[in-house]
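Starting off, we have a lone chain in the form predicted on its own, written out as structure tokens.
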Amino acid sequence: MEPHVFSNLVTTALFAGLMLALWGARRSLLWRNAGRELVRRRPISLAVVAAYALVAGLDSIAWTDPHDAVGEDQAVLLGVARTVVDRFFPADFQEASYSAPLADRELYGGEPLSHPGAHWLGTDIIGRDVFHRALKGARVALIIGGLTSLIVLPLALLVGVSAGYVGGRLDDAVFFVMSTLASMPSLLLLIALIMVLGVGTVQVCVALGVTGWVGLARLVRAETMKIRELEYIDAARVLGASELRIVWRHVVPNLMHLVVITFALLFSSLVLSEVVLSWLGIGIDGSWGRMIDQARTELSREPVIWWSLLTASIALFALILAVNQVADAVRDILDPRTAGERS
């Protein structure tokens, strides 16, 4: 299967899953009220996150078109899949080298550009449009945050609920594993895993997932130990409910506020972790972290090449700020200790 076909299928599945989750949330009074409160408290941040998600989704839908082939690049571009985001830009949008924002000539040499004045945020060292690269970085950021969270959350729930509900030797074994992982320097462990698995989007997500589940598992374990002692759990046992049914119908639903809060808070740290990895030379191609890493030496040039670094930094800052604002509101709304507080 072609990579772009697989990407289209995954994007369709994720969209269907999102619609299903929203439909399920609308049927629950708790989640419906929480959603309304979130929109009331953080409309701008939600709009920013939605805009990034839209760009990432459009950059995940690709197809081939013979009309994309132009000029001398026909042999290269023919049959190459281009995303919806790519199609907002000409197929031959790349220049020879650096050009400043909205310039009509190259920065070095002064040769006329193929698309004068069309590069809103300039071009990089090999002539790629910086604005185009920044838009494509949104997809990488959401993959890092979203895919890794899909690895972390089920793993932490499984481990934490099992240890907290069953207890005994299973709890001791799980606690030993969590303590061992927590005692290791997370950055060094992350680098070691990537060196073993290889550098790539999936590999980085798996490495981040392996090192990122411990914190949530501890929370889930502690909360499960508290829930299993409540009266309605005893009542369910008296009525003949199996232990598995009790866990699925009574324990896990009462942990979902922790899952939602942790997902929102975890997303930011995961995206920033990729930036650190890019700084060390093992990041993902096309990410904002890679843009920042490639642009750090450009500040010493004369004249200074500032637009690549500034664009990637602003794109990263806006997403992290918006997600943190949403996470803060989600915590206030869903956390039982602060659920009664309304701003």
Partner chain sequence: MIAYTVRRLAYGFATVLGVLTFLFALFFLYATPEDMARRALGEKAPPQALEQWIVNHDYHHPLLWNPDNPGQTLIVDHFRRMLTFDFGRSDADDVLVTRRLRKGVGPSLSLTVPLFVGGLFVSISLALFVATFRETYIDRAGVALCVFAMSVSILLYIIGGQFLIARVLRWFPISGFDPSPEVIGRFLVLPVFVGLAASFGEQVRFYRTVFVEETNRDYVRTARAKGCGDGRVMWHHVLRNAMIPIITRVVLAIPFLFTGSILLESFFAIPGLGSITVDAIHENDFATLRVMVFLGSLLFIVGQIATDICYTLADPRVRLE
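Residue numbers count along the first chain shown, from 1. If you're wondering where the values come from, they're calculated on a predicted model, not measured in any experiment.
Below, we refer to the form predicted in complex with the partner chain, which is not included among the displayed structures.
Although the partner is absent here, L46 lies well away from the partner chain in the model of the complex, with no heavy atom inside 4.5 Å.
Residue contact with the partner chain in the model of the complex: S300 places a heavy atom within 4.5 Å of it. The partner chain is not shown here, but in the model of the complex it comes within 4.5 Å of a heavy atom of N324. Interface membership of Y232, defined by any non-hydrogen atom within 4.5 Å of the partner chain in the model of the complex, is ruled out. Stretch 195 to 203 is the answer when you ask which of 195 to 203, 239 to 247, 160 to 168, 142 to 150 has residues with heavy atoms within 4.5 Å of the partner chain in the model of the complex. Taking V84, L155, V252, A182 one by one, only a single residue has any non-hydrogen atom within 4.5 Å of the partner chain in the model of the complex, and it is A182. With contact defined as any non-hydrogen atom lying within 4.5 angstroms of the partner chain in the model of the complex, the contacting residues in 255 to 289 are L272, V275, V276, W279, L280, given in sequence order.
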